[in-house]
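The chain below stands alone, shown as structure tokens; this is the form predicted alone.
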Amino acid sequence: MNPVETVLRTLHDDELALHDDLLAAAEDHRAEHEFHHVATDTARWSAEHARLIAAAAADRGLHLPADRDPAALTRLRRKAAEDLAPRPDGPPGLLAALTALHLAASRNSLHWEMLAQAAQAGRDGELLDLASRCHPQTLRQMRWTNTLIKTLAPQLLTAS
């Protein structure tokens, strides 16, 4: 596997993981209506990104599943819920979820940037189009979580 294929595989897996984490967080915080709806909507972006990455990888002879199998999805949601559960010394529920989502989106953003730079260097128009199409939505996921962290942190961290 060449380095570009490695980035494609990593980004594919991480987009699917972000999709699952967004859906799990949306379910865990269903009472926060705006959060629930935006998390669900932006989860669709990550699922679409994974499908597009799988298609681009297939053109390069790399097989990546477009979707996860349901049993694996269930295991991942449980794992995500455990990882996102509030810890005694960490931020409370929704803030912890937003932190994890922001970090996951940031990681994906870095990989989109790497892919775009490699595509430019290799004059690969297909990969550059893919990165140009998907990366802005990943940046929007980051801005959304960052905005919510800025808005909610003062209230959630100072409430007694």
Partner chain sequence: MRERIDRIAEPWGDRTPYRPGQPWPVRRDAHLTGDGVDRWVPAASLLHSNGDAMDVAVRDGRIVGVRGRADDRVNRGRLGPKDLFGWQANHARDRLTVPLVRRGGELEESDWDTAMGLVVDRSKHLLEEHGPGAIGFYTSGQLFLEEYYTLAVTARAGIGTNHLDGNTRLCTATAAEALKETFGCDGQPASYTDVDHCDTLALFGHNMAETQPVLWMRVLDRLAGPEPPRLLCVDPRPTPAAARSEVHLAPRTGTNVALLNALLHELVRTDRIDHAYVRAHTVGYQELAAGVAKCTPQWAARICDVPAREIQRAAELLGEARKLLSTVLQGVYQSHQATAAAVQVNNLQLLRGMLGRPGCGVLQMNGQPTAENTRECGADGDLPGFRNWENAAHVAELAKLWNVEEERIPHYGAPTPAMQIFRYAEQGSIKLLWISGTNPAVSLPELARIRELLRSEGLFTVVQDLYPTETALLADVVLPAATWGEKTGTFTNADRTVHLCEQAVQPPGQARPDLDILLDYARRMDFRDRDGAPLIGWHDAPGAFEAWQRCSAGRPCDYTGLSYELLRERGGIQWPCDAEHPDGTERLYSDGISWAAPDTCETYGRDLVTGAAVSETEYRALNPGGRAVLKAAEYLPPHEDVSAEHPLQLTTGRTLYHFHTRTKTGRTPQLDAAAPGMWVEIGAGEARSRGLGEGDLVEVATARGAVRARLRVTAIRDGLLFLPFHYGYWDTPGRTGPGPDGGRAANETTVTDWDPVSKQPLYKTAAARLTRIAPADGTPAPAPTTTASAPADPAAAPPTTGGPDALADQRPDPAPEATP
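Positions refer to the first chain, counted from 1. These numbers come from a predicted model, not from an experiment.
What follows is about the form predicted together with its partner chain, which we do not show.
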item	value
Answer range among 114-122, 49-57, 100-108, 27-35 for contact with its partner chain, defined in the predicted complex as heavy atoms within 4.5 Å	27-35
Distance check, Val7 to its partner chain in the predicted complex, heavy atom within 4.5 Å	no
Residue contact check: Asp41 to its partner chain in the predicted complex, 4.5 Å heavy atom	yes
Contact flag, Ala159 vs its partner chain in the predicted complex, heavy atom cut 4.5 Å	yes
Distance check, Pro154 to its partner chain in the predicted complex, heavy atom within 4.5 Å	yes
Residues within 4.5 Å of its partner chain in the predicted complex, restricted to 131-156 and counted by heavy atom	Gln137, Arg140, Arg143, Trp144, Thr147, Lys150, Thr151, Leu152, Pro154, Gln155, Leu156
